[in-house]
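Only one chain is included here, represented as C-alpha cells and corresponding to the form predicted alone.
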C-alpha cells in the first residue's frame, strides 16, 4: 500500500495527515499559519508537484508551488489576475486548482472569486487569464455583477479536463451554472438542461443555476455528476440533459439531496459519495437533525445508502465545504471529509465505518487525498 496523504487547507493554514496503513495517522503542520488556504492539489501526473491557493489580508491572493510535499515553497511569479482592461476587476481569492491533461504536463487551471478562469503553462509559476471565458461577450449575463453570488463571493470551480481530449473543458460557477468548451477555452456554452434552479421564476433557465461541485470520472468521461443548491444530478452523454438522481426524503420529510461536496470512486464510475446538509428555509448548512451521515450510491444515483457507523448521531451540526470531501485511490477506497469545526473524518472501507483522525484544526476549507511518489 502506498502512503496516503491528506492535504488539509483551512482558514488559518495548511496541514498534512500521513498514513502508511490508513489506520494510524500523523498530523504535520501548520504551514502558512494565518493564511487562508482554499485548495491544495498534488499533481497526479508526476505525484511530486504540489500547488496551493492562498490569500492573506496583507499579501493578497496567490499560488505557491512545492516539489517536496511542502518542505519548500515558491510563490508564483505571476499569480492569477484579470487584465487591467477588464473594467477594474480584481481577483479576491484563487478558489480552485486543476491539473491539465496528461499530454500537457506543465499545464494547470485555476478558478477565482469573482468568477475568472486562468491557465499556467509552466507548472504554476506564471498564470494568464483565459480570455475566451473572462472576456466572453456573455460573461456578465452568465456571472452577474462581481458583487453578486454566494455570501463569501461568487466562485468559479469544478474545472474539469476531458481525459479523451485536452481541448475539451468544463467549468462551473456559484452562481451561474455549468459550461463547456471544445476549443481549449476559446469559446464556451452553457450545459444546464435539466438542472433545477428553484430560486428563479423559471426553474429551468439556460444558465444561472448554482452547482456546488461537479465531478467527471476518467473511466467514463462522458458522464458528469453534480451536487447542486437544488439537489443531485447526473449527465450521461456528451450533449445530453441532466437527470435528477436525488435520494428520497426521509419519513419526516427531511431532504438528503442537498450538500456541497461530491466524491467519486477511483475505479468504479457508478459509485459516489455526498454529505447531506440541512436545506430548510434559511439554509443552516449543517447535518440534518444534528445527525452526521454520508450517502453512497453504487448505481450512479439510482439508489442510495445512508452511512453513519462511527459518525456522531446526536448534536452533530457539521458543515462540509465543497472541496472537503474526497476519496483516495486504494482498494478498498478510502473516503474523507473535513468540517468547518476542524475535524477530519476517515473511512478505510468505502464509507461503511468512520473514525475521526484529527480535531481542533481551524475551519477546514479543503481536503484532498494523494499518494506521493
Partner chain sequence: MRVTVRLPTHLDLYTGGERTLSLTLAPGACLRDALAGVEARHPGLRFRIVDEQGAIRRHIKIFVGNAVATGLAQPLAEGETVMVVAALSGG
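In this text the structure is predicted, and so the values were computed from the model without any measurement. Numbering follows the first chain given and starts at 1.
One more form of this protein, predicted in complex with its partner chain, exists but is not displayed; see below.
Engineer: Would you kindly say which of 162, 121, 75, 180 lies with a heavy atom within 4.5 Å of its partner chain in the predicted complex?
Structural biologist: The residue from 162, 121, 75, 180 that makes the contact is 75.
Engineer: Heavy atom within 4.5 Å of its partner chain in the predicted complex: which of 301, 79, 231, 261?
Structural biologist: Exactly one residue meets the criterion: 79.
Engineer: Would you check whether its partner chain, in the predicted complex, lies within 4.5 angstroms of a non-hydrogen atom from each of 174, 215 and 296?
Structural biologist: No, none of 174, 215 and 296 comes within 4.5 Å of its partner chain in the predicted complex.
Engineer: Name the stretch, out of 222 to 230, 90 to 98, 251 to 259, 164 to 172, where some heavy atom lies within 4.5 Å of its partner chain in the predicted complex.
Structural biologist: Careful reading of the contacts points to 90 to 98.
Engineer: Can residue 11 be called a contact residue for its partner chain in the predicted complex at 4.5 Å between heavy atoms?
Structural biologist: The answer is yes: residue 11 has a heavy atom within 4.5 Å of its partner chain.
Engineer: Flag residue 57 as yes or no: does it have a non-hydrogen atom within 4.5 angstroms of any non-hydrogen atom of its partner chain in the predicted complex?
Structural biologist: It does: once its partner chain is placed as it appears in the predicted complex, residue 57 has a heavy atom within 4.5 Å of it.
Engineer: Is there a heavy atom of residue 267 no more than 4.5 Å from a heavy atom of its partner chain in the predicted complex?
Structural biologist: Taking the distances in the predicted complex, the answer for residue 267 is no, it never comes within 4.5 Å of its partner chain.
Engineer: Contact between residue 65 and its partner chain in the predicted complex at 4.5 Å, heavy atoms?
Structural biologist: Contact check for residue 65: no, nothing within 4.5 Å of its partner chain in the predicted complex.
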